[in-house]
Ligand SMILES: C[S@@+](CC[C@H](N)C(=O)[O-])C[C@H]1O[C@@H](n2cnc3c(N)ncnc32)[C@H](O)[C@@H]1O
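Taking the form predicted alone, here's one chain by itself in structure tokens.
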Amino acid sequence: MWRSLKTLLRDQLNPEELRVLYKSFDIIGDIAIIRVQNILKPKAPLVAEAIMETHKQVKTVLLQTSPVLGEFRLRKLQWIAGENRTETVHREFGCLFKVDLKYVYFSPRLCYERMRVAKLVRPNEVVANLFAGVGCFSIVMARFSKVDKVHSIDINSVAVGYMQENVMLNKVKRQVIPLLGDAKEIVEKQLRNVADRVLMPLPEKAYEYLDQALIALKPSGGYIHYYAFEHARKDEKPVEKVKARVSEKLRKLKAEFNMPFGRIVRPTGPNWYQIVIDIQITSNSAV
């Protein structure tokens, strides 16, 4: 598709502009989100029209004008082509996720992770999702495993509103329980020692909330799916760096554990990576 896009723009962009044209962009439902370097910003509408020509399902193109920032992980978006809106419905593995990209975080690039984790869930498990967003991990889990309950927490009230709607859209009301608030407070008050498995799909906060993940787990232990951003030079291993840092904290928290799996989810910038570590807690002294 990128080659088709480049061919379509060949007569409208000069060689330098073609060279700096990003090879990838996100398509969420029928909305495409693109980034362009400063040299290309005046021609962003041309790029947008070309994307709509090569991807017939795209009805709106938005330009990302800031990094993902803040407690709610939002990015500034500027409309440049098609229908002027930020709300859409994204389909993934037969699940439907209604989102407003101006007010909630959503990444289609985590679809593999959502299904990978869902396939690990054992029958009748209770799961705590500490950073659930609009409910993607929780709903995929409910649809593709025999999970008993997924307590799904988020501090963004708009995200929780969409999560509630998505729970109804996907007919998983019995399994997925949306909870509005800070995961620290909700775990302390409502979810102590209830979970067989804890999800932490917010890399910016996972290390800080590792204590709460242990508190949410049953005394017999269970699994934590821990996500992080890590910088690594060519001679460093980002997965091992995350494992070392998390291991140090878990030892201080007096947990017995092993880490049977870890991988690079995706690169996020020069020498920066998103990492997932699956942690098995074999003995949990958190109370």
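Start at 1 with the first residue shown and count on from there. Model, not experiment: these values are computed from the prediction.
In what follows, reference is made to the form predicted together with the ligand, a form of this protein that is not presented.
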In the model of the complex, the residue from Val127, Ala216, Met141, Ile153 with a non-hydrogen atom within 4.5 Å of the ligand is Ile153
Pick from Lys149, Arg75, Arg114, Lys98: which residue has any heavy atom within 4.5 angstroms of the ligand in the model of the complex?
Arg114
Picking from 164-172, 179-187, 119-127, 77-85, which part of the chain touches the ligand in the model of the complex when contact means heavy atoms within 4.5 Å?
179-187
With the cut-off set at 4.5 Å between non-hydrogen atoms, does Leu210 touch the ligand in the model of the complex?
no
If you check in the model of the complex, is Lys205 within 4.5 Å of the ligand, heavy atoms only?
yes
Contact label in the model of the complex: Cys136 to the ligand, heavy atom within 4.5 Å
yes
With the partner left out of view, is Leu110 within 4.5 angstroms of the ligand in the model of the complex by any non-hydrogen atom?
yes
